[in-house]
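Just the one chain here, laid out as C-alpha cells, in the form predicted alone.
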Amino acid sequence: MASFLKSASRIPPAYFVFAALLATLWLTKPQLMNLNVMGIFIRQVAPLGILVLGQMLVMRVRSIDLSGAGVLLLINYLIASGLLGDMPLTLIIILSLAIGCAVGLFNGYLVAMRRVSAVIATLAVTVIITGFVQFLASGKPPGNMPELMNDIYKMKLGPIPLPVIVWTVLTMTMAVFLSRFVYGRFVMAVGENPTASHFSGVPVERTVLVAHVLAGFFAGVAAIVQSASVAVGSLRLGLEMPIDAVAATILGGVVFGRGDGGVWGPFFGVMCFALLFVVMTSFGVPEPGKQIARGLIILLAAVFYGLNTRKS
C-alpha cells in the first residue's frame, strides 16, 4: 500500500485535475462532449499551451521566464498599430519569431552568462517592453489585426482547429527533441546538478542560454496565435499568461530542475484550464467565479511545488 501511494504521489496532479473536470463535464453536460464544441474551448488555451513549452524548458534547467507577457504585448501592438505597414504575413511571422528569439537571447545572456536572477531579469524585461509599448501607443489603443490572420486562426482540419494542431505538433516535436537529441540529455543533467554537470563536460551556460532562446521563440509563436484570436490590438494582452504558464507547468509535474511530468504533463496542465472554463461556463459561473477557480488552480500548483521541494 505504501509503495502504491508513493508511486501515485509521483503522478503529476494535472492528470487528476483533468480527469475530475472531464468526469464532471461528462456527468453534468454530456452534450458538450464532442470534438466540435471542445475544440472551440481548447483553441482558446492554445497560446498558453505554446507558451508553456518554453516555460517548461527553462524550469527544467533551474530557471524561469516571465517575459512572455512583454513579447505578446509588443508583437500584438506592432501588428495591430499599422507600424509594419503592408508587410506580408510571412514577414510578419518571421519578424515576430525574431523578436521572441532576441528577447530570449537577452534573457539567456543575463541569466546564464551574468548570473542575474531569472525572476528579476525576465520580470524587468516585461516591465521595460510594456513601458516601451505604452510610449509608442501614447495612450491610444491600437487597431485591428489583418483579416487573413483571423481567417487562418478559424481554420480547421476536420473538427480540430488549426491552433490546436499547431500546439500539439509543437508539443510532439519538443518531446522528440528532449528525448532523442543530445541537448535533451544536457537539459536533464543541468536540472539534476549544474555543478556536477559542469565538471562532467556539459556546457551548462550554453544549455541555459539555448533554453531561454527557445522560450522566446515559443513566446513569439504564442503571440501570433493570441493576436489572431482576439483580432484586435490591446495594451493589456496576455499580462497574466506567464503566471498561468508557470502554474500549468508545475501542475504538469515539472518543477525547478526536475521534469517528472515530461512534456505531456504540462500539456494536460493547460488542458485543465480549458476544461475549467468549459465547466464554469456550462454552470453559468460569472467571471469573478472563474477568476477565483483559476486562482485556486494556481494555488494548487504552488502547494504541489512546495511538497516536491520538501521531498527533494
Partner chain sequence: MSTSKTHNLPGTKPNRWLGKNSRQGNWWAALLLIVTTVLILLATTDDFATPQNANNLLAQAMPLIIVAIGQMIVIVLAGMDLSVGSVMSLTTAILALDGSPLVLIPLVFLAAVLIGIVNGVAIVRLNVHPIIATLSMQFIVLGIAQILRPVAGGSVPDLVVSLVTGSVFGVPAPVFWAIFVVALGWKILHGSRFGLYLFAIGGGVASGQDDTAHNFGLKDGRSIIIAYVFSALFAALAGTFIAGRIASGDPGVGSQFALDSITAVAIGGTQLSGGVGGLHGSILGAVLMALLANGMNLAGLSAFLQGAIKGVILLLVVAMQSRKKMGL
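C-alpha atoms forming the largest set that superposes within 1.5 Å between two forms make up the rigid core. Numbering follows the first chain given and starts at 1. Since this is a predicted model, take the numbers as computed values, not measurements.
The same protein has a further form, the form predicted in complex with the partner chain, not shown here; the description that follows concerns it.
For the residues I42, V263, L276, I64, the 4.5 Å heavy atom test against the partner chain in the predicted bound form is passed only by I64. Residue-level contacts in the predicted bound form: of A124, M188, V230, I94, one residue has a heavy atom within 4.5 Å of the partner chain, and it is A124. Contact between S234 and the partner chain in the predicted bound form is not found at the 4.5 Å heavy atom cutoff. The shortest heavy atom separation between V119 and the partner chain in the predicted bound form is within 4.5 Å. Contact check for A19: no non-hydrogen atom falls within 4.5 Å of the partner chain in the predicted bound form.
Proximity of E205 to the partner chain in the predicted bound form falls within the 4.5 Å heavy atom cutoff. Here the chain stands by itself, but in the predicted bound form one stretch of 221 to 229, 73 to 81, 157 to 165, 138 to 146, 138 to 146, has heavy atoms within 4.5 Å of the partner chain.
In the predicted bound form, the partner chain lies within 4.5 angstroms of at least one heavy atom of each of the following residues of 288 to 302: P288, Q291, I292, R294, G295, L296, I298, L299, A302, in sequence order. For I298, the Cα coordinates differ by 2 angstroms or more between the shown form and the other one after the core has been superposed. A movement of the C-alpha atom of F277 reaching 2 angstroms or beyond is seen between the shown form and the other one when the two forms are aligned on their rigid core.
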